[in-house]
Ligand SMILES: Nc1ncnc2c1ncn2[C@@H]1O[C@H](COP(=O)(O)OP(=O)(O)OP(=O)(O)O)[C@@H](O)[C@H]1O
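Next up is one chain by itself, shown in structure tokens, the form predicted alone.
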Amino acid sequence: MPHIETVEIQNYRNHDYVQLNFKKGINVIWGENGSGKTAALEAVYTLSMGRSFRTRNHKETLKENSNKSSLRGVFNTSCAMREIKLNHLSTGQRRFFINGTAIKKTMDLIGKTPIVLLSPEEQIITKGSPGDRRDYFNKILSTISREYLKTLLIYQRLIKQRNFALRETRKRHINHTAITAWNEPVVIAGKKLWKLKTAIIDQIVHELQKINKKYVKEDIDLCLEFFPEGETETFKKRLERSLNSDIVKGRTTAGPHRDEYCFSFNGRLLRNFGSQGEHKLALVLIKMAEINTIKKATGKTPILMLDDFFAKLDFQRADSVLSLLNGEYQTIITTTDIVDIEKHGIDLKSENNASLHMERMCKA
């Protein structure tokens, strides 16, 4: 089973230096608030995905008054050991290394050591905007399919260039040639994206249905619906028809970047009508469907990270979710109270599990 064995963190967030050694099973990082538990998960996530899940500003992760930070992770992929390292300077320069060799693009990390994260930040999947859900599904699709990731980056660049042409046309009152020149490449990339994403979204829907049936503690019907923004056959015509409107708005209003994903909970739109408890439970079930889809589509077993998991669910629901894991995944859990873990029957003395305590660097 692929897993992370060690992570070393230096001058990152509130950490001067810390090394954590993980086991293949359940790893519990515990300690009071402010001890840096979430930062440890953030470090592992960054080494897997090339970016933080908490901020888009990389400088925020640099420890105060530090000129540089570094992260190092040793991943056991079953076939071989893989060392991933990040050096980050206060100037903003970031460089990743795989087994000592620098990589040119962070996209080269995505999919090598899949991570599935459940954290408070992820609640925007059910509560946030359509754009938040698009970002989430793009992340899953990119993890599963490198072809999708490459096509997505091409499409996003083309849309950016077409949008620039739209704004320039509006500003300078010039003819539309500069805009229409982008239509054909946008259509080609957009159609390919729709084709690739539809097949994978169908897998996620299927896995979510299976998770609903496994979660037997109560009657749950969590559904995902995918609404493509237009059809492949009419995409080019939509771009042509919306040209004048796009010029006024300064952006392209048709295409995969406008797709929508909706979750319903027991027949009601979750975003508008879900209770706090339903949002929390739905997010956990979505994450279980995500981890199963990635495993089946790639043959790689993702690492599951649960940030402050026991604060999200009541005891019975948390117990039911833990039973779904069945020891198939390396799991890293953060909590403020180690007793919560023991109450759920997790044996931290097992050779496959680990208890990792963190203390606050300074007391108030």
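Just so it is clear, the model here is predicted, and its values are computed rather than measured. Sequential numbering from 1, following the sequence displayed.
There is also a form predicted together with the ligand; it is not shown, and the following applies to it.
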query: Proximity of Ala297 to the ligand in the predicted complex, heavy atoms at 4.5 Å; finding: no
query: Heavy atom of Glu60 within 4.5 Å of the ligand in the predicted complex; finding: yes
query: Close approach of Thr336 to the ligand in the predicted complex, 4.5 Å, heavy atom; finding: yes
query: 4.5 angstroms heavy atom contact with the ligand in the predicted complex for Ser70; finding: no
query: Output flag, Arg82, Lys85 and Gly111 jointly within 4.5 Å of the ligand in the predicted complex, heavy atom basis; finding: no
query: Single option in Ser320, Thr301, Ser52, Thr38 placed near the ligand in the predicted complex, where near means a heavy atom within 4.5 Å; finding: Thr38
query: Members of 1-27 lying within 4.5 angstroms of the ligand, judged by heavy atom, in the predicted complex; finding: Arg13, Asn14
